[in-house]
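Here we start with a single chain on its own, the form predicted on its own, put down as structure tokens.
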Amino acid sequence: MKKLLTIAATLGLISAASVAVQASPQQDLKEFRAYFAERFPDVPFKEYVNGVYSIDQASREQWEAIEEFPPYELNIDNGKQAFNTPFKNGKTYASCFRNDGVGIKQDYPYYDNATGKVVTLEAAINECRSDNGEEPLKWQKGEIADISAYMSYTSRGNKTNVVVPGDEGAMAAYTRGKNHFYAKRGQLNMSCADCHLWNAGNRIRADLLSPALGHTTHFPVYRSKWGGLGTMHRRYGGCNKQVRAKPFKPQSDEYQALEYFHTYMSNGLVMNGPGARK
């Protein structure tokens, strides 16, 4: 652990310097991919949708055995039922989304100029409920994760296609997410990049650190540690706690911006959510 923290601290200085020079999103994406191509030259780009299982064969074999009987199947079924159950006004979630909400996860999150906010899929689900006179769902697990899992499942095979327009608002949100990804925090003074960029493939205690490339393709995720399904922002909060930092609230501007940057970095990779992880 001490050795990992020393490496992270040293490389963190490099990452902080790189953030200081604000490259375009397209340049960031090119460099992000190139970094992993150099770090793991034997891993095909398309394999990064499988997270840590793309770089470790022993872990992959265990995971493939789990995926034969996916622990999230019931969540997909529950999500489909909830998605198609009419609200009190007779409408369903389909009325709130293009293509009736089928096969659209790859376009989320996006920046909404009208509200000046990043819109995640979970935020859109709760906005749909509010617009139809229903109470919002809790953000991190339960029904919202089930509905998100169903919508993700209908999007399997579609390529991540997050757009960052060149206008001031979208760029500000993207940059905020980028800065969060590289900024150190917590008592352990570590960033997202320390674990999932600079030290991807290294071990921290018994766990192998996964590459950030492809992280977002398989959410929401069923984690054995949780014993259930959780959203991206549930995972963000857990990561913050692990470095002994106070988590932001789910769907806060901070986490929405982080998801915007984080997902953009996986553009071109196919959606394969929901997924199963340790």
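Note that residue numbering begins at 1 and tracks the sequence as displayed. Not measured: the values here are computed from a predicted model.
Below: the form predicted in complex with a small molecule, not depicted.
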| query | finding |
| --- | --- |
| The small molecule contact at Cys239 in the predicted complex, heavy atom, 4.5 Å | yes |
| Any non-hydrogen atom of Asp131 within 4.5 angstroms of the small molecule in the predicted complex | no |
| Partner contact for Gln251 in the predicted complex: the small molecule, 4.5 angstroms, heavy atom | no |
| Close approach of Ser191 to the small molecule in the predicted complex, 4.5 Å, heavy atom | yes |
| Option from 89 to 97, 146 to 154, 159 to 167, 199 to 207 whose residues, in the predicted complex, bring a heavy atom within 4.5 Å of the small molecule | 199 to 207 |
| Answer option from Cys195, Ile76, Ala173, Leu121, heavy atom within 4.5 Å of the small molecule in the predicted complex | Cys195 |
